[in-house]
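Here we start with a single chain on its own, the form predicted on its own, put down as structure tokens.
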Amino acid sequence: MPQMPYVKPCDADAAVVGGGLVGIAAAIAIAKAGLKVIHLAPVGPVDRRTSALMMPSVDFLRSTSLIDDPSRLGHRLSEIRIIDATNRLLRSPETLFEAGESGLEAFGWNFANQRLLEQFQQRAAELPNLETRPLDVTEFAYGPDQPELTLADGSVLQVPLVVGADGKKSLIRAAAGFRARENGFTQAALVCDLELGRPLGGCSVEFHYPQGPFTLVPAGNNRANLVWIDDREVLRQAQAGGAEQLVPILLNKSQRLFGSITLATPAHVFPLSTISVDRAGSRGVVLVGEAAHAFPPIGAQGLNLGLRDVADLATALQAGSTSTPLWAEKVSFDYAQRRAADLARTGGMVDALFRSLLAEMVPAQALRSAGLWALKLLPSLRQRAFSLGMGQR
């Protein structure tokens, strides 16, 4: 009788690489599918950013018990106000979008990333089949039986399914052979929290300037989260001047619509780039979050898209059988197919929107202005824009 080849038993069913919000959400989703999961999540610096999650993302978090009542963690976004602050020949009309037009109480909720992370970590600790290790991955390779991960402590893990959630500079993406396209911008984003003289209520306000938007997002009471996109050097100079120089600039940029401004947190500047991949899964490896896609912070798509990655990964796991040979390869192929249309559609939308904000050519300005007039005047078109922007499928 021929002897069967020896196959080394795997250390777990899946390993998730990356300790951010999408990584931990993916680890929880896989564990809830009944698989044994090792989450490789090195401790990073405190994430002081915020994320505006649209209602489909909030509904997903609630349905998977990652959060319960969003009002305990975040702040309601019920209106979006767009103000053309350029001096261009063709200016767009001021436009107000209200959630009530779609029969919604809110477009979504604005959350502090750190509070969400702490909530997710509590949920992860409740799952006996989810082990978290605060270790970096130093090497990835396709082994003879299944993918292999070498960790910072020298140990090696063998698992059928690897989830790369390790960000823009993903080691998993590069080592697993995924082709990525990256495009950098001369613009950057300055983010910080502000205390305003007058509250925003539930209204997110976007001032559109020639080098990018200046956005104030409600963060409760008189607090607002600022995302200001401009030329990188302009932002670094504004940041270097400290509060004494920065506050007058912010007052001018906000057109003094909200009274006084004080800095509630230090300002940080982040470079902007886009990243896209030809496919999001292959050979037992899947990419989620910024390992698969990254955009400028336009239209609140980043974390929303990452959570849709997690939702489709959970669906791919449910659709297949993990007891059959090569199940992880089948899951990765299914996942890539499920994500392809959404990634292409959202990437194209965000890229077109960002470039339209920066366009100096009069025809492009005319198209953008006409588009906003149409959104302002045609309720049916606004409904379609709401659905696309909220990621409804």
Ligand SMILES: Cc1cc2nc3c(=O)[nH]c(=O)nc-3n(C[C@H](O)[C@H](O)[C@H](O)COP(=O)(O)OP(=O)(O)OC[C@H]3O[C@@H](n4cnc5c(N)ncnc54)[C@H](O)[C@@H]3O)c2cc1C
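Each residue number is its position in the shown sequence, starting from 1. From a predicted model like this one, the values you see are computed outputs, not experimental measurements.
Just so you know, the form predicted together with the named molecule exists too; it's not on screen, but the next bit is about it.
Engineer: Have a look at 297, 213, 284, 202 for me and say which one sits with a heavy atom within 4.5 Å of the named molecule in the predicted complex.
Structural biologist: Going through each option in turn, the one that passes is 297.
Engineer: Taking the named molecule in the predicted complex as the reference, which of 262, 222, 113, 95 has a non-hydrogen atom within 4.5 Å?
Structural biologist: The residue from 262, 222, 113, 95 that makes the contact is 113.
Engineer: On the criterion of a non-hydrogen atom at 4.5 angstroms or closer, are 29, 74 and 120 all touching the named molecule in the predicted complex?
Structural biologist: No.
Engineer: Please determine whether residue 163 contacts the named molecule in the predicted complex, using a 4.5 Å cut-off between heavy atoms.
Structural biologist: No, residue 163 is distant from the partner.
Engineer: Residue 21 near the named molecule in the predicted complex, any heavy atom under 4.5 Å?
Structural biologist: Output for residue 21 is yes: heavy atoms within 4.5 Å of the named molecule.
Engineer: Does the named molecule come within 4.5 Å of any heavy atom of residue 289 in the predicted complex?
Structural biologist: Yes - in the predicted complex, heavy atoms of residue 289 and the named molecule come within 4.5 Å of each other.
Engineer: If you check in the predicted complex, is residue 37 within 4.5 Å of the named molecule, heavy atoms only?
Structural biologist: Residue 37: no, not in contact with the named molecule in the predicted complex.
Engineer: Within 4.5 angstroms, counting heavy atoms, which one of the listed stretches 230-238, 204-212, 166-174, 275-283 is next to the named molecule in the predicted complex?
Structural biologist: Checking each option against the 4.5 Å cut-off leaves 166-174.
Engineer: Looking at the named molecule in the predicted complex, which residues in 184-202 have at least one heavy atom within 4.5 Å of it?
Structural biologist: Contacting residues: 189, 191.
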